[in-house]
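Presented below, as structure tokens, is a lone chain in the form predicted alone.
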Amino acid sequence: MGKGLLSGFSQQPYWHEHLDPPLALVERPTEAADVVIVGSGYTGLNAAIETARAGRSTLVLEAGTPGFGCSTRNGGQISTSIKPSLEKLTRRFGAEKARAIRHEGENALAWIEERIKDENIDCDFQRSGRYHAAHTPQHYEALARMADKLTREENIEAFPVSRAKQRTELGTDSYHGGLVFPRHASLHPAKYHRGLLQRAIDAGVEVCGHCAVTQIDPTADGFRVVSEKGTVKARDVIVATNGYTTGLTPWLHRRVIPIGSNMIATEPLPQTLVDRLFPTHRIASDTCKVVYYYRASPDRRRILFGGRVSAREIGPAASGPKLYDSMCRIFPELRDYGVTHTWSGTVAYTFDELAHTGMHDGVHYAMGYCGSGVSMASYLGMRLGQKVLGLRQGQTAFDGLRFPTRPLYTGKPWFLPAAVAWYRWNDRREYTKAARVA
């Protein structure tokens, strides 16, 4: 049966163990600020750094502990973030706009590397590359065709790896080959967040935790922001809540779909085993509709494995064993080792699978990163800060896009359990059929 969850397992993210003591934050918000930002994740902090360094008094209000959300709970995988293909985007927006949107993904990936370097943030950033595995032969054929199109039409480096050569990239026979993106990257998400938080504080940003915002009211010269710890007069407001968006902003709440994602971390493993399973230290994902994502830890001592394991939202204690079974299906050798950490976080999808940024009723926002937000949330946060400052470079290809919702949707995804159940059933059906053929 394997070890599964070890006794005394932690329901806190593995990433949190590597952080220095918490930074000193303000106990109560100031009465007035040029810029008030709701949310202290990658989006909010990168926006805050821009506005504070330009001389704007900036206040960040966080409902929980700063960094509580997915900014310190994700897999630390960095891609180019744009899910729809160039072909699909061209049909929707035309060729020029489609290319501009796709290129923003490349911009975000390049920018976050420069940001980390310029700010001297110690977060184990590495251009490790990604192995995107095909869970059926048909998916591999589609990936091989995609590699050619990406290289030829978008100058995005990618190359296929056949099943026969798969173990040079990933130590499993569970897939039917895959596609390597050499320029994708990885980092330690909590260390990255802590570095951003420190840079924001150094720039003069006031950060107040456990201070949920309960109301945002327009005034003649800005906004009145009501929080659990007091009311703040603000000239500009940024909402940067992504998967934790609430009825505080009903218009945004109706446009993002909160989806829970779960992760586990194994106990320390033999170095030879990690080297065998991840010989190139690439991050990994697969072509399942309900995707799995996994990697070796930055110190190459553990395997970190994530995905959605249930049609309905379940807690870490229930999701951990399910993730463990999925991990061991892909890597049977891990049955001999247990899991020490299991945790979850909430990402935000959108109905068009694109991130969105803009302004509604005078409030700035950026959100909806569709599970690929490390670089895009950071990049759009930075651009949002520039927009508040009135700078032309704050413009992006996402500006002006219609932010769609659906009739009767109010922010609670009643349709999600049925959709996830269907996708999971189809993923299993395809995998079983492919295994029989193989």
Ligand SMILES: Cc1cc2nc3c(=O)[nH]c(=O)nc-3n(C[C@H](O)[C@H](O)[C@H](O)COP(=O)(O)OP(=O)(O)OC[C@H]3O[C@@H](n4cnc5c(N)ncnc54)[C@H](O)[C@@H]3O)c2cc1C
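Numbers follow the displayed sequence, beginning with 1. Note that this is a predicted model, so its numbers are computed, not measured.
Omitted here: the form predicted in complex with the ligand. The next part is about that form.
Considering the ligand in the predicted bound form, the lone stretch of 369 to 377, 387 to 395, 401 to 409, 28 to 36 in range is 369 to 377 [heavy atom distance within 4.5 Å]. Using a 4.5 angstroms threshold between heavy atoms, Gly75 counts as touching the ligand in the predicted bound form. In the predicted bound form, the ligand sits beyond 4.5 Å of every heavy atom of Pro413. Within 4.5 Å of any heavy atom of the ligand in the predicted bound form lies no heavy atom of Gln166. Residue contact check for Ile49: none of its heavy atoms lie within 4.5 Å of the ligand in the predicted bound form.
Using a 4.5 Å cut-off to the ligand in the predicted bound form, each of Ser40, Cys70 and Ala212 places a heavy atom inside that distance. Contact annotation: of the candidates Ser285, Thr266, Asn262, Ser128, the single residue with a non-hydrogen atom within 4.5 angstroms of the ligand in the predicted bound form is Asn262. This chain lacks the partner; the member of Leu170, Val347, Val207, Ile303 within 4.5 angstroms of the ligand in the predicted bound form by a non-hydrogen atom is Val347.
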